[in-house]
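A lone chain, given as structure tokens: the form predicted on its own.
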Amino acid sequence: MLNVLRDLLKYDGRFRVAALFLLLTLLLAALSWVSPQPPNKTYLVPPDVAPSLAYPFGTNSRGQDLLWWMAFAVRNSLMLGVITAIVSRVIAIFVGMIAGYRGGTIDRLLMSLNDSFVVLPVLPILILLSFLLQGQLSLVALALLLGLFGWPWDARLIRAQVLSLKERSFTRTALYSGTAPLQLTLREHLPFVLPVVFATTINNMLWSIGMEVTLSVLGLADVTVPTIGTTIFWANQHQALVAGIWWWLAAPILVAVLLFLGLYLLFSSVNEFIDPRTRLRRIGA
């Protein structure tokens, strides 16, 4: 693992930029653990103060220091992305590996289920559910819900990988040696699938955070919980741009750009590193 990180840092500029952006966002999220101001309290500081040394991100019309609010917002948005990615990865690995290895009727049934989820209009469904729940959809519940919708494309990738692995000589050798199917799948096939899982995990986090921002801006999520989306929601509610409080919108947009660019560049870098041909070309071999 350390050798992989060393090679990526040495030969891939995108990975270095991604590491810098993600380090900044993680440091901001870490500040939430030492915040002197709870996020659910208002009018703790003078409202509508422009960015300064005392308030690096400025303050909003609700009397909250945006630096500390954004620390909680980034932490919660990252938590949502991680929970969604874990839930969807577990489902994708289970469906993809079983469908690819077993084949036949089980493969057709699982892929029919997979295709059903692929064609579902996720955003309208989430908007409907959020509207029915009247903003009572908690962050964890939203993450679990997104995880249930975020697996089908990645399950197909994993299935294709397992279909290829099943035809290789080491799989037949393991079967002839009496290796049980479950043991074969976990010990022989799963290590080949993990790089694909890791790359799609980053993409899934991007998707889930983007969906949360969309729902929060529309006021369909729990707007009392600090996230990147709820920050923009409250700025719009108080007409920040009309009132000239530009920093209220600039703070979440800047943090979102750093987070999304960092995750995207990390996804692109890891995708190229997974492919041996592009990896060898990058290191000059």
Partner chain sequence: MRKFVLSYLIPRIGQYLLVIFLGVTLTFVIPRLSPNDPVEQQVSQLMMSGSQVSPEAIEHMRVALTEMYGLAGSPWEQYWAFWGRLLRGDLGPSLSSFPTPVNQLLATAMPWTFGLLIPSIVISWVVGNILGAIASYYENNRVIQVVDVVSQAVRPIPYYIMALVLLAVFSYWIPIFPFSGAYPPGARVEFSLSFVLTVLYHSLLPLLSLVLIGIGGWFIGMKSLTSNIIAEDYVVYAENTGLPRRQILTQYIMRNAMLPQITGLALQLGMLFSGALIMEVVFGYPGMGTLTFQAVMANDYTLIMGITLLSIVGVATTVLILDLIYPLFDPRVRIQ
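Just so we're clear, the structure is a prediction, and the values are computed from it rather than from any experiment. Positions refer to the first chain, counted from 1.
What comes next is about the form predicted in complex with the partner chain, which does not appear here.
A.B. asks: Of 190 to 198, 94 to 102, 116 to 124, 77 to 85, which is the one stretch near the partner chain in the predicted bound form, taking non-hydrogen atoms within 4.5 angstroms as near?
C.D. replies: Selected range: 116 to 124.
A.B. asks: Residue-level question: is residue 18 within 4.5 Å of the partner chain in the predicted bound form, judged on heavy atoms?
C.D. replies: No.
A.B. asks: Can you check whether residue 132 is within 4.5 Å of the partner chain in the predicted bound form, heavy atom basis?
C.D. replies: Output for residue 132 is yes: heavy atoms within 4.5 Å of the partner chain.
A.B. asks: According to a 4.5 angstroms non-hydrogen atom cut-off, is residue 90 in contact with the partner chain in the predicted bound form?
C.D. replies: Although the partner chain is absent here, residue 90 would stay clear of it in the predicted bound form, with no heavy atoms inside 4.5 Å.
A.B. asks: Heavy atoms within 4.5 Å of the partner chain in the predicted bound form: does residue 112 have any?
C.D. replies: Yes.
A.B. asks: So the partner chain isn't shown here. In the predicted bound form, which residue out of 253, 54, 50, 30 has a non-hydrogen atom within 4.5 Å of it?
C.D. replies: Exactly one listed residue reaches within 4.5 Å, namely 253.
A.B. asks: From first to last in sequence, which residues of 223 to 238 have any non-hydrogen atom within 4.5 angstroms of the partner chain in the predicted bound form?
C.D. replies: Read in sequence order, the residues that approach the partner chain (within 4.5 Å, in the predicted bound form) are 232, 236.
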